[in-house]
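As structure tokens, one chain now follows by itself in the form predicted on its own.
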């Protein structure tokens, strides 16, 4: 009788691994992606637990002393509190302000990314499946919008809508949905010409059943990569808008607004007011992009080394 021998290295054959195990193994091939994922998880945990781990609530006037304004990192206040990252011009602890700013930046990025994904996914599926005049009209609209920078579209909308978290999300969604629509449309065009879609049409299945049950699952892999990238782009775009003073209100500051608040003090040597929020923003966007790059290689084997 033949006996099944285990591999000498003790590892399970690749073909015998579950899809989830193969995905994890492929993702862990990149050390940078693993580091980015760990950092991203820590950033998310800090944002979620900010009210519980922050030394103070930087937006509670009862906890702020204007006499502690612009203290350098490590300086001790008259009441004995030590500000690890210093304070801003209003006496707010920069470490606490960064923790709370992460909540708003990540929240805006995720909300706008999900909303843009839903809109772009719906439009892209309809365009790729039906084709013809519907596809031509939708793609002309997409092409026209892609001809303008995303920040310009967001600037125009915010000038009309005003400042606020909901207004910023609307502006970001309006400037990002086209990227999802074009990606889904490209996948839908290829999939809609395959035999299983033709068989579903011959069986007279409902249009929405074909779109959601048969076409959508095969268009998701590239959409996951685009969605991850666009969340990072949304965070960066929101920070830019807030830095320009037309994004979020001062009562709901994100990392971009924190950077803007300290910009005027840079030349006077008080670098920490803008520097540390900038580092937090850089770490957040970089970690998301590292994860997105590895996902892109996993979804497209031709890009793998």
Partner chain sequence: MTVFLIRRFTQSILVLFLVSLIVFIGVYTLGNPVKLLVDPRATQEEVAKITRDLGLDQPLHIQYATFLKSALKGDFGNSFIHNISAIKLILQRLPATFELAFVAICITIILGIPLGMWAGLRPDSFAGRGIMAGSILGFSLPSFWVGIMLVMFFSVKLGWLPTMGRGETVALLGIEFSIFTPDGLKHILLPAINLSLFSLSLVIRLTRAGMQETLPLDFVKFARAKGLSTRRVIFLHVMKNILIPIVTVLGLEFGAIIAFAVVTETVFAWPGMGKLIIDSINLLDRPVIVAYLLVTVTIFILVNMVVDILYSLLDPRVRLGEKKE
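What you see is a predicted model, and the numbers here were worked out from it, not measured in a lab. Positions refer to the first chain, counted from 1.
In what follows, reference is made to the form predicted in complex with the partner chain, a form of this protein that is not presented.
- Checking 229, 104, 155, 219 against the partner chain in the model of the complex, a heavy atom within 4.5 Å turns up for just one residue: 155.
- Contact with the partner chain in the model of the complex, defined as any heavy atom within 4.5 Å, is confined among 219 to 227, 122 to 130, 92 to 100, 147 to 155 to 147 to 155.
- Although the partner is absent here, residue 239 sits close enough that one of its heavy atoms falls within 4.5 Å of the partner chain in the model of the complex.
- Within 4.5 Å of some heavy atom of the partner chain in the model of the complex lies at least one heavy atom of residue 161.
- Put simply, residue 243 is close to the partner chain in the model of the complex: some heavy atom of it is within 4.5 Å.
- Shown alone here, residue 278 lies within 4.5 Å of the partner chain in the model of the complex, counting heavy atoms only.
- When contacts are defined as a non-hydrogen atom within 4.5 Å, all of 140, 259 and 266 contact the partner chain in the model of the complex.
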